[in-house]
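In the block that follows, a single chain appears as structure tokens, in the form predicted on its own.
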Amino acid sequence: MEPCSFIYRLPKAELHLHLEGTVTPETLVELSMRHDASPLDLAQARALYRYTDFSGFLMAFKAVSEHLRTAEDYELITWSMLESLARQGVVHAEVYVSVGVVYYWRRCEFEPLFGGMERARARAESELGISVYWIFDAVRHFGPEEAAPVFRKAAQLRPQFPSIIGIGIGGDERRTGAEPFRDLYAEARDAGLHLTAHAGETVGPESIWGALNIGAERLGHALSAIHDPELMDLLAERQVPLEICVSSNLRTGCCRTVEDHPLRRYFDSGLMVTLNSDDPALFESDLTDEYGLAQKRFAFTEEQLRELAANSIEASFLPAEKKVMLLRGIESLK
């Protein structure tokens, strides 16, 4: 389903995007040639992207992340990601970076790697006109002890790098809920960081309640909210932004079929819905594909797609004046 030209021209933000999940098999081969004694060929690289369930997806994500070792690697994948986003009409992105993976699996310092990301971000802002914020993501099933240095590193670096906007917890919520992170979220909030959380992706509505209870301002996935009418009413009343990732939910098996996905019901119920690609290289669907899916499988009209794009700007952590400017671009699109 090729997205229509309107979708490409529509100014929009991407709010749920993992940097490591943008690495294509072709780029993985290039990284492997830099570092491996026996580099991967393209067929071997593509094989790493095959999985059948959520646990398999996590292992594929780990396999890709293990090939990211230097500042130059992070600069390469950041620039490639931002070139792709600019081609899709994305004007702003808030990108998760798995700092928790760097600390836990590789036990190395993050600042040099972040320097490569920042070089690409600054270049893209100058050459492509796209703005980027970073969200430092901890791996929830590693526990709060491993999340603490991730969140504190974000707080430490933020005065020097205003592009660091917030923190979050990804990973396997089947193994660890949100409550153990309550104190760390309060600490991050006091440090001026915004709070996000993956919630309700692989487990029930209790995960979403837990994320809200520790102060999450924006929720990733929230797939299971549909099963709790009280929660649905609360999300609509508070207009809590939801980072919806349809293809991700289908590919990981968290949602059985596209007909089962609650995107349309969320929108029609007045929830603050945004569309996102999550890990486009691993799910073979970028943001324009997600908008095309909404149009062709969920019967969203062009005006409703325009509303989704406006939601993405309003739900971002951009300053008010920048939001107003970008919203005017959406309104004026013919």
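Note that residue numbering begins at 1 and tracks the sequence as displayed. Predicted model only: the values in this text are computed from it and were never measured.
Heads up, the form predicted in complex with hypoxanthine (HPA) isn't pictured, but that's what we're talking about next.
Participant: Candidate spot 51, 251 and 280, all three in 4.5 Å heavy atom range of hypoxanthine (HPA) in the predicted bound form?
Facilitator: Spot residues vs hypoxanthine (HPA): no contact at all.
Participant: At 4.5 Å between heavy atoms, only one of the stretches 51-59, 264-272, 295-303, 35-43 reaches hypoxanthine (HPA) in the predicted bound form; which one is it?
Facilitator: Of the options given, it is 51-59.
Participant: Report yes if any heavy atom of residue 218 sits within 4.5 Å of a heavy atom of hypoxanthine (HPA) in the predicted bound form; otherwise report no.
Facilitator: Contact with hypoxanthine (HPA), no.
Participant: Does any part of residue 121 reach within 4.5 Å of hypoxanthine (HPA) in the predicted bound form? Heavy atoms only, please.
Facilitator: Because no heavy atom of residue 121 falls inside 4.5 Å of hypoxanthine (HPA) in the predicted bound form, the answer is no.
Participant: My question is simply whether residue 94 lines the interface with hypoxanthine (HPA) in the predicted bound form - judged by any non-hydrogen atom within 4.5 Å.
Facilitator: Although hypoxanthine (HPA) is absent here, residue 94 would stay clear of it in the predicted bound form, with no heavy atoms inside 4.5 Å.
Participant: Please tell me whether any heavy atom belonging to residue 166 falls inside 4.5 Å of a heavy atom of hypoxanthine (HPA), as the geometry stands in the predicted bound form.
Facilitator: The answer is no: residue 166 has no heavy atom within 4.5 Å of hypoxanthine (HPA).
Participant: Can you pick out, from 89, 171, 205, 116, the residue that has a heavy atom within 4.5 Å of hypoxanthine (HPA) in the predicted bound form?
Facilitator: Answer to the contact question: 171.
Participant: Going through 13-38 from first to last, which residues have a non-hydrogen atom within 4.5 Å of hypoxanthine (HPA) in the predicted bound form?
Facilitator: Stretch hits, in order: 16, 18.
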